[in-house]
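Single chain ahead, by itself, as structure tokens, in the form predicted on its own.
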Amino acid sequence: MNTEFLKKAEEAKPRLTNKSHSLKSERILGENESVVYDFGMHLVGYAKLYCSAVGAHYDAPALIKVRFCETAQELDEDTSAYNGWISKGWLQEEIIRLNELPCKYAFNRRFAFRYIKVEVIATSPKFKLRVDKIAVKSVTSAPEKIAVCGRNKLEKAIDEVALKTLSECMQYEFEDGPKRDMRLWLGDLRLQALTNYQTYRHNDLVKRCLYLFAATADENGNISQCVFTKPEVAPDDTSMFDYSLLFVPTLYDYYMTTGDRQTVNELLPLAEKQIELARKQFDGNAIRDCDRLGWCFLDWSLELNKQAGAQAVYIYAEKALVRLLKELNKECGEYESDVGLKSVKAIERFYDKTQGLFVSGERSQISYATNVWFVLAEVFSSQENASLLERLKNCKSAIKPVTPYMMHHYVQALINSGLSDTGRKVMCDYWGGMVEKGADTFWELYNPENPNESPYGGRAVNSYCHAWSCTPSYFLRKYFAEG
């Protein structure tokens, strides 16, 4: 652990602001009866339950089950049947005994929710439970609300939900999701930072996160895919090829926004190290495929081959390093040469001239993830990329994006290729689809063809407020503010 970097991360640790919310109820419940409370908005915070007994003097504890849900659909989920690969510990529910009534029960766990469901499991024949009030203290490190952006009602609604998504994920660091994981992920950070620069401008929080990743790099300089901050700062025990590389453009974006040369000079050697380490995955100038699950992310899809997309991310990151070194007036010739060699080899190895698309793996798989990242890596001209994206759209066998993370990169690729109007429509169709389905905050995963999809085996552990979904607020301000 680099204690100097950790100290600088702690110096940039923000204060959380809190806001009080409460619902008065006086709802009386007997055994096997329940009630749902709707706060009317997504909240991240701590709840207190005020209860009393109705009838004769209570002669037994009241046993109740309390569920915290981000969406109304979650209320109907049978959590007892959940048997997915993500731990049941993430289920937002508590079974508690109220030994004395009246009482004020404070939950010590922070929840992310809009709805609270209270179900009475047992009282006694002599009394019923009355829920008098539910109080919540919501927390965030985001500044006050900012003006909504958009040219019409739908875009303004999308922006409002995106801003809420980002603010709920802004805690002591940029969390990927306040309901589940509650930690700092590099892929999410990059998109949160971009959106933050256009909205809340809480740039010290970005600085803190960069130092957290730098402080927890291993003895070889490899940056982990995510960082835990509780009970103490610690890296995850694994890393992902693309996420580690994304430290480089994240640092570049930070410098271009803040001009903070001191921070960037301190972290630059670590950025260069990510390129050096990533080269070990190459045979010459072509990247090796890997069968280890999770070696590279790109998108939430088990069928997605990551080989070609990983090379595209490498080129993208190394080009960001070249731009950063030029801004700092530092030598970058070796990296420029490597970018050229890797780009030529990528076209030779992965570009199918017959189909006019990039393919990946032994089966020459075609996917949005692969082709979008090659567009972002700019191995072809903007005009050629526009044609490639048109062919991709018409390729029925191409594996489509399943997360807002990948959809962000698709929209960015369209914009970079001179197809801003198409990018704007894709943004409105995709994120607008979640708005039309009642989203208060944007989701971790959204497949328009299967809105109830879960990669984990049940909706109850899906994250419905997820950092990588916040970027419409970035697009609306950086690219779509006019017209």
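The numbering used is simple: start at 1 and walk along the sequence shown. Note that this is a predicted model, so its numbers are computed, not measured.
Not pictured, yet referred to below: the form predicted in complex with a small molecule.
Proximity to the small molecule in the predicted complex, defined as a heavy atom within 4.5 Å, singles out one entry of Phe374, Phe113, Trp185, Phe247, which is Trp185.
Asp176 is the sole member of Glu318, Glu168, Asp176, Glu173 with a non-hydrogen atom within 4.5 Å of the small molecule in the predicted complex. Heavy atoms within 4.5 Å of the small molecule in the predicted complex are found in exactly one of 409-417, 236-244, 146-154, 378-386, that being 236-244. No residue of the trio Tyr37, Glu70 and Asp440 has any heavy atom within 4.5 Å of the small molecule in the predicted complex.
Of the heavy atoms in Trp300, some are within 4.5 Å of the small molecule in the predicted complex. In the predicted complex, none of the heavy atoms of Asp338 sits within 4.5 Å of a heavy atom of the small molecule.
Contact annotation for His202: none of its heavy atoms lies within 4.5 Å of the small molecule in the predicted complex. Tyr474 falls outside the set of residues with a heavy atom inside 4.5 Å of the small molecule in the predicted complex.
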